[in-house]
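So this first bit is one chain, no partners, the form predicted alone, shown in structure tokens.
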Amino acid sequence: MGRSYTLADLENWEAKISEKVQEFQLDCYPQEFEICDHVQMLSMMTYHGMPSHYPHWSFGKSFERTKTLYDYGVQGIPYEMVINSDPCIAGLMRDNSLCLQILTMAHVYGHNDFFKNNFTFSHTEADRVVARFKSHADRIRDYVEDPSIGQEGVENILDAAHALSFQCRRNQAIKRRDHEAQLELAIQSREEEKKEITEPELHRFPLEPDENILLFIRDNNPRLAEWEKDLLTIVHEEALYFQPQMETKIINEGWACYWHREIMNSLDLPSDIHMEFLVRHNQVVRPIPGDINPYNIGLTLWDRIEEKLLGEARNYNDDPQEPDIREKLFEIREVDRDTSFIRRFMDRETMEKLDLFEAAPEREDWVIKRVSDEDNWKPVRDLLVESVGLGAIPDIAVTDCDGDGARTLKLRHHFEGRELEATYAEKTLEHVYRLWGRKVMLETTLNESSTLYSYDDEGLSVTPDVINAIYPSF
């Protein structure tokens, strides 16, 4: 098997790593490893690591593209693929060296501990993940095989649903009020402010903006068939499963790198494997010129936090206790996501160490706008916070679905200084229209002016005063 090692070698090293995991008091799900060839690993990448996933043309396209890039040496394959499940399942590349397999297993245990303990994953029901995804796949295949629905009908709905899948509630810990509670709160607020309550205000639906666009359409479009509603439910549920991984990419990868380094350094590695480990580790966590490396930023922050905790402990005790430091690290891994992790712990010194800066396009090139100096490190940090996780996805919510009596669906973009990309906005509105079946309107800001996109059976229209700004050829 593999390059100069056997399955027994892997089992032996995995047992040693598992002992270290217990020694360091990591709290993990039971761990399972699967040996994969490069085609199987590419398939896992395409289907987000899931052993069972529903079919869709976009996954096949992604597989063929990634395989072509790999075959021509343009793109590599990750050392591992691990999913948040109980038991935790991870794939190991068959062609990896023994050192890489040991390193990967140690890295996976770091992810495993994070999945089990970080609060953003608490709603994912890790023990039911594989069965739930298999159920989704079986239901969708049944719809495809149904002569009255067929593959084209299924894929038309999935195309639209995928485009909207992450237009959902950003914090799953905050429960949405039902309509009756919203109505009661609206009346109470008006009475406290001594303002008159008008009929249109009370009859608007929803009374509070609804970020779960797919579920809103599912629950309020009577024209949808039951199988169409089920497809929207499936896509929404899978988006909620992957949402925490998007929100914790930096803190999670940094945590896994921190622990694979600790575990590898604590093992009695042969000299050749230890030297290869040092090279591989540095390759993973090195800065990437012109780009963000989550492994690099995450590990640097964890190291910085540990350094500060040790410094604070020495102020009170000449011999700080390592278990106390680790306990504080465990607490941070439990309560933070990327946005809070960066905002709380990214100071100027760390920003300078990472050499972070803000760049923006100007004419045909990129220009550095700010560097992490005394005056600008906070704006650069805040820009990073805005860009991680779901920050890259526009925050859009339903504000009304029958304000004009024609069941027009009204959406509002929460503008935070970043304009919608016009081409994507048009295509996304087309998908919303496909699911809603009636006119859709989106309020946003463009060139510092309030802008209204509309989409109906005649296509897209935009408020006249900004048409030339969006489509200069008109």
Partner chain sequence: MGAIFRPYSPSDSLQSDRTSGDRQRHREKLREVLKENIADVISEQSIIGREAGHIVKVPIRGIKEYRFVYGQNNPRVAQGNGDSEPGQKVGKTQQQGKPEDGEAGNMPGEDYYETDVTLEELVEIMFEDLELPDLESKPLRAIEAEYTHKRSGTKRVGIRAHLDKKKTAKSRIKRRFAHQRIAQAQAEKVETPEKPEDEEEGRFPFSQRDFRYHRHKPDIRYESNAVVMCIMDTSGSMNVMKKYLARSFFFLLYQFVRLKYRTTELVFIAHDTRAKEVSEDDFFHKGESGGTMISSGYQKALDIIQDRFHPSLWNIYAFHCSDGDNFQEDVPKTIGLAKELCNCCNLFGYGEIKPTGGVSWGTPMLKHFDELEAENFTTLGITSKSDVWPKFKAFLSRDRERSSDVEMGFHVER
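Numbering follows the first chain given and starts at 1. Everything numeric here is computed off the predicted structure, so don't read it as measured data.
The same protein has a further form, the form predicted together with its partner chain, not shown here; the description that follows concerns it.
Which listed residue (Asn293, Thr124, Asn118, Thr399) meets the criterion of a heavy atom within 4.5 Å of its partner chain in the predicted bound form?
Checking each option against its partner chain in the predicted bound form, the one that comes within 4.5 Å is Asn293.
Mind telling me which stretch in 262 to 270, 367 to 375, 325 to 333, 226 to 234 gets its heavy atoms within 4.5 Å of its partner chain in the predicted bound form?
Of the options, only 367 to 375 has residues within 4.5 Å of the partner.
Output flag, Glu145, Ser189 and Thr408 jointly within 4.5 Å of its partner chain in the predicted bound form, heavy atom basis
No, none of the three is in contact.
Would you check, heavy atoms only and a 4.5 Å threshold, whether Gln167 touches its partner chain in the predicted bound form?
Because a heavy atom of Gln167 falls inside 4.5 Å of its partner chain in the predicted bound form, the answer is yes.
Please determine whether Leu384 contacts its partner chain in the predicted bound form, using a 4.5 Å cut-off between heavy atoms.
Leu384: contacts its partner chain in the predicted bound form.
Is His162 close enough to touch its partner chain in the predicted bound form, meaning at least one heavy atom pair within 4.5 Å?
Yes, His162 lies within 4.5 Å of its partner chain in the predicted bound form.
Do Tyr109 and its partner chain share at least one heavy atom pair within 4.5 Å in the predicted bound form?
Taking the distances in the predicted bound form, the answer for Tyr109 is yes, it comes within 4.5 Å of its partner chain.
Going through 332 to 348 from first to last, which residues have a non-hydrogen atom within 4.5 Å of its partner chain in the predicted bound form?
The stretch 332 to 348, when checked against its partner chain in the predicted bound form, contributes no residue at the 4.5 Å heavy-atom cut-off.
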